[in-house]
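As a starting point, one isolated chain is supplied in structure tokens, in the form predicted on its own.
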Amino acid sequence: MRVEIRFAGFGGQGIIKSGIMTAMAACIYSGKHAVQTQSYGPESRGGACKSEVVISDDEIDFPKVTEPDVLVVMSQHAYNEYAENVKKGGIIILDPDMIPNEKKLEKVKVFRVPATKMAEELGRRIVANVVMLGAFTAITKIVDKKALKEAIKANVPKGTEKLNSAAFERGYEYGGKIAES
């Protein structure tokens, strides 16, 4: 089993941290092999960025994502750049409020998760990435829910654990509902 995941958006959305937490959940808390790579523009906030994760049962000999099985995308620019590169039969999870212009894509399953809006309802827009991780976990089942919750707890600032846990659960519940339909 080898799964390639790409998180993409713009700086300040927690894209890099999403990849780190996913890889940590897979290797530290689930006993799988995982590697995470990242790239971003020269701007720290607002510039394009992506975080890629490869998860495998076996050792990973090539750490790059070439054709993602899953694309989690949170900006129009990132969607325009990466949506057509998703593997046939793959999954795109997007925030429709951040991506108003979708392409007609065939042979991929698209799930729309209003993560930014849900995060705002929780009082902090900055946890939109954690809402998205919850939905990602429920929709794909690539990483165990408990493992990802542990990785989130280990990576968020002290004092924000409760908020991030609520954000994850909100996304997980939403993702579970849309995955069934």
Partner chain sequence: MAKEKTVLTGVHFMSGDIACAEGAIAAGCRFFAGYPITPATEIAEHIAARMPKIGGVYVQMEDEIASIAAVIGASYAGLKAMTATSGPGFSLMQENIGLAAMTEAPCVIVDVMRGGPSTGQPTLPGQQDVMQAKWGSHGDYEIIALAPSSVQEMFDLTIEAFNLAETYRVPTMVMADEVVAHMWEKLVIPPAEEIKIVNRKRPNTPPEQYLPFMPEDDLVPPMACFGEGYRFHATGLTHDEHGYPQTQSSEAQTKLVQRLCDKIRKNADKIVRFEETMVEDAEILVVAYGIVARAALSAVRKARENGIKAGLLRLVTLWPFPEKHIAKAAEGAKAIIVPEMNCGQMVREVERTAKETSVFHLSKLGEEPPTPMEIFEALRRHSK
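Positions refer to the first chain, counted from 1. Remember, it's a predicted structure, so these values are computed and weren't measured experimentally.
Beyond the structure shown, there is the form predicted in complex with the partner chain, which is absent from this document and is the topic of what follows.
Comment: 58-66 is the region of 123-131, 58-66, 136-144, 108-116 lying near the partner chain in the predicted bound form, near meaning a non-hydrogen atom within 4.5 Å. Mapping the unseen interface onto this chain, residue 34 counts among the residues with a heavy atom inside 4.5 Å of the partner chain in the predicted bound form. Though the partner is left out of this view, residue 20 does reach within 4.5 Å of the partner chain in the predicted bound form, counting heavy atoms only. When contacts are judged by a 4.5 Å heavy atom cut-off, residue 28 counts as touching the partner chain in the predicted bound form. Contact annotation for residue 149: none of its heavy atoms lies within 4.5 Å of the partner chain in the predicted bound form.
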